[in-house]
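First, one chain by itself: the form predicted alone, in structure tokens.
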């Protein structure tokens, strides 16, 4: 079974792009990835594309062929939808295709345009990733759902709003200097605590923004990389996916995310590593409590012990395990269909040493990307390793 190399990574700036379309954003990210890889478009055998809300936000279905066309690639193209884990799931399928020998060169990525809708409209559209019958009709939105998860966590394990505020402060600090990030400015714990309440106990600065953007990576087989002299020193060595009941009330516990635990265990086993081997991680922090749940699901902390990680400096850029050096969803932004592959693009650059924050992980060899859908009813985890050319 061939190893899967990440030959190139590309992203658009994340933020508000009212003058652009989703396909235009993906074309920019994909072109950047192909240029970074040094791979000709004619060698691309398929495009795997993640998008969640385009059918509603742009009234556009059947987006796979449009994504390939915009990129200038004539190859089969498929759109994947798994809520905020859409491009993470697309990546997992692409990894399998290369491993199985079905393809040597693939472009995988995602794009989302969200700011063309008002905040209330975006919130309503995003809510379709929850259970329509038993959650949405009862008035549940994702800020409300994650607030219930935070409240459940506090009740079972302790923790405080101030602990969560340190997660937001950490990720905003990491985003300074990342020219792809939506918010390249620092914030303070006091600003987080004093920001307007959204859904108790979560406030405005506990939440990620609404974002337009796109990301893409070029995956190649080892043989293709060698035959074409590519500088592709990062490999995806592990992939895993987990699932859970859609509605929070149907789960045994709202304060943990077993889907992510299952995905992590599969990915670690696939790569032959453990959580102790991980040097740097990009995790799905759509809300500050989500980062805490991710850290515990990935095995970095025991259940109930991850909430103080940022406050104690363990997950800061100078800590033992830097988390979300990109700024995370919280500060870099969260164009939902693009988030999964943007995490892998950021990790690739961190491991290669050409990321703005690579100086904080100069000896990193193993990275983990954690991408979640909804309230983690779906989760995808990938292990990346620096393997040299």
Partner chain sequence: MTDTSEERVRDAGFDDLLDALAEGDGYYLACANGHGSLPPRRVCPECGSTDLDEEPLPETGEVATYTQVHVPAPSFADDAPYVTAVVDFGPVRLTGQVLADYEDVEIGTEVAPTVGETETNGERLVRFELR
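Since we're looking at a predicted model, the values are computed, not measured. Residue numbers count along the first chain shown, from 1.
Just so you know, the form predicted in complex with the partner chain exists too; it's not on screen, but the next bit is about it.
Between the options 226, 200, 186, 190, the residue in contact with the partner chain in the predicted bound form by a heavy atom within 4.5 angstroms is 200. Contact with the partner chain in the predicted bound form, judged by any heavy atom within 4.5 Å, is made by just one of 262, 75, 314, 136: 136. The stretch that touches the partner chain in the predicted bound form, counting heavy atoms within 4.5 Å, is 123-131, out of 175-183, 98-106, 283-291, 123-131.
Residue contact with the partner chain in the predicted bound form: residue 319 places no heavy atom within 4.5 Å of it.
Among residues of the shown chain, residue 230 is not one whose heavy atoms approach the partner chain to within 4.5 Å in the predicted bound form. By the criterion of a heavy atom within 4.5 Å, residue 273 is excluded from the residues contacting the partner chain in the predicted bound form.
Proximity of residue 243 to the partner chain in the predicted bound form falls outside the 4.5 Å heavy atom cutoff. Contact annotation for the candidate site: 357, 359 and 383 all lie away from the partner chain in the predicted bound form (no heavy atom within 4.5 Å).
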